[in-house]
Each structure stands twice: as C-alpha cells, then as structure tokens.
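Presented as structure tokens, the chain that follows is alone, the form predicted alone.
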Amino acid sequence: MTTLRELGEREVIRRLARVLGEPPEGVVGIGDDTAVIPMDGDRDGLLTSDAVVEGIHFLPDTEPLRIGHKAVGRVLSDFAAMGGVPAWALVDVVAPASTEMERLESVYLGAQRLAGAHGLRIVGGDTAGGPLLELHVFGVGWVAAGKAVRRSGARPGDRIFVTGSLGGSLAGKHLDFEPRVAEGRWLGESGFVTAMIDVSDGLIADLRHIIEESHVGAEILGETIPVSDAARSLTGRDSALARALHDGEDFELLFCVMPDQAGAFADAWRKRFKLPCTEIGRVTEERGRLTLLQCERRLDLDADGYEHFRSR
C-alpha cells in the first residue's frame, strides 16, 4: 500500500480529484484557491476551507488570539486570491477535554476580530473532542459572475508581480499576517490581472501552481525579489533570498499582468495602495520550466516549498 508520505500533498490531491471526477458544467473545482459555483443573478459563489492544527500550524504555547487570527486569515487569503468578497463562515473546533474554556474563547475572539474587519460573518460550526487543538474554517464568498481570477489564465509575455515582502514568516508573520482582501478584490476588478494565487506554500511552489495550471513557464529575477527584514535577520544555512523563494505562509498575492498593461497597472497600484508591489519576472513559452536569473546565471528551480505529509 502506498502511503501519503510517499506521495506528498500534491499527488494526494490529484488522486482524490480523480475519485471525485469532473465537476459539473460551470463549476470550478479542485485546482484553484476556492471553488467557484454559479449562482442566480450576476454573482458566482466562492467556497473554501482551511485548517490549522497544533504542532503543524502553531505551537502549543501560541497565544490563542493569534491562533484564531491565523485560522480565519488563511480563508480570507483564499478569497483575496480569487478577487472575491468574503461573506459567511463556519468554524469547527477539535480540542482536548482538558482545554481551558477561557483559552478557547480567546481563540474565537481572535477569529472574530479578523473576520469582522473584512466583512466575514462567523455564523456557526461544530465542536468535537480530540488529542490536539484544531480549527477548521469553511468560508463562503462571492465574485461578479465570470470574474473569479484563476491560476490558469497566465500567458507568455505576462509580467509577474508580488505584493509585500517574502521569507522568514516563522519569525511571526505566519501568525500575524494581514490577508490582502481589499487588494485582491481591486486586482480582480481592475482588468489587469490574468492569473493569481496567494503565497502560502512559498513563492516558487505557488508560482509553479500557476505555470502548471496555465501550461506555460516562468523566469524570475533574483535581484528583484522583495526579501523581508525577517528573512535577512534569521540565521542558518539558508540565505535570505532562499528563504524568500521557498519559505511558506507569507500570504502575499502573486499574480500576472498583461505585458502591454504592466506600466498602467503599476501606476494605478501606487495611486491606490501604500503596500509595495514588485515586478519579479515574466511568463515564458517554456511549458513547465521555472528559472531564476541570478548573477548572470540561469538556474532551474524545483517546487520545494511546504508540502503536507512530506514536510515533517
């Protein structure tokens, strides 16, 4: 029998997708940040779910407000990556019977504060006993009909952009990040963007998701990558650039812009947002090939960001 560790998360998802079969006509299923469901009128529904598990996504002594913040923030970031608007959420909690009620209330307070800041209403959920603290969040949102920004729209020549700075999230950002909901919605409505994803598994791993779904390649320029101060301050064998390329849980937005619109996009962005947004490369015709240009060298990159079942 083949184990999940032997397959890795991506192959596990591919095999489960085969079991489920093709989604109904007009539905976007497995392969994007959210599912997209046609609705009556001029909106499409967005459905997503995410989990945070003690020992994987946070440590046992993590401040409970930050646990709730992260649990809801991951779902909000999914909506942002589709250019969508958050609406409703259910939160399921699994916890040991010995958990202090005050701790759990603080977890929910952290979730409620971030959800409320972005118009997401938590309207229910479920509770169950288990050996570790877990939160499973199911979110519902919407986007104008036919306007969800998918991973599959990138075309050769498109310019690649990323918001904020990258790397070193374990220094604290993975718990305290601000989901780019307003920015994602604007990007979706702007008409500039051809494909988008949030950076959860790492820049290279998530860019590979885009090029695989779009059947293209990409090259990025090492000197343009916006490396975070946290990545520069951490010690260890990995360079700051390597952390920016491969660390996960930055929850910034990674997206592609049509080449003849890149200048107009950059101007429009600067006028609307204080958040930095950096052009880091371009989409190529070399299907499946992802390269880094650094010091006049061209290096092929593997998608070695975080992957469940293997990254332990």
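Numbering starts at 1 and runs along the sequence shown. Quick caveat, the model's predicted, so the values are computed rather than measured.
The discussion below concerns the form predicted together with a further copy of the same chain, not included here.
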property	result
Any non-hydrogen atom of R43 within 4.5 angstroms of a further copy of the same chain in the model of the complex	yes
I13 within 4.5 Å of a further copy of the same chain in the model of the complex, heavy atoms	yes
Any non-hydrogen atom of H136 within 4.5 angstroms of a further copy of the same chain in the model of the complex	yes
Close approach of I37 to a further copy of the same chain in the model of the complex, 4.5 Å, heavy atom	yes
The single option of P96, G172, P156, G116 touching a further copy of the same chain in the model of the complex, heavy atom within 4.5 Å	P96
Option from 124 to 132, 210 to 218, 183 to 191, 230 to 238 whose residues, in the model of the complex, bring a heavy atom within 4.5 Å of a further copy of the same chain	124 to 132
Residues V85, A144 and L253 all lining a further copy of the same chain in the model of the complex, heavy atom within 4.5 Å	no
Stretch 96 to 111 - residues with a heavy atom within 4.5 Å of a further copy of the same chain in the model of the complex	P96, A97, S98, T99, E100, M101, E102, L104, E105, Y108, L109
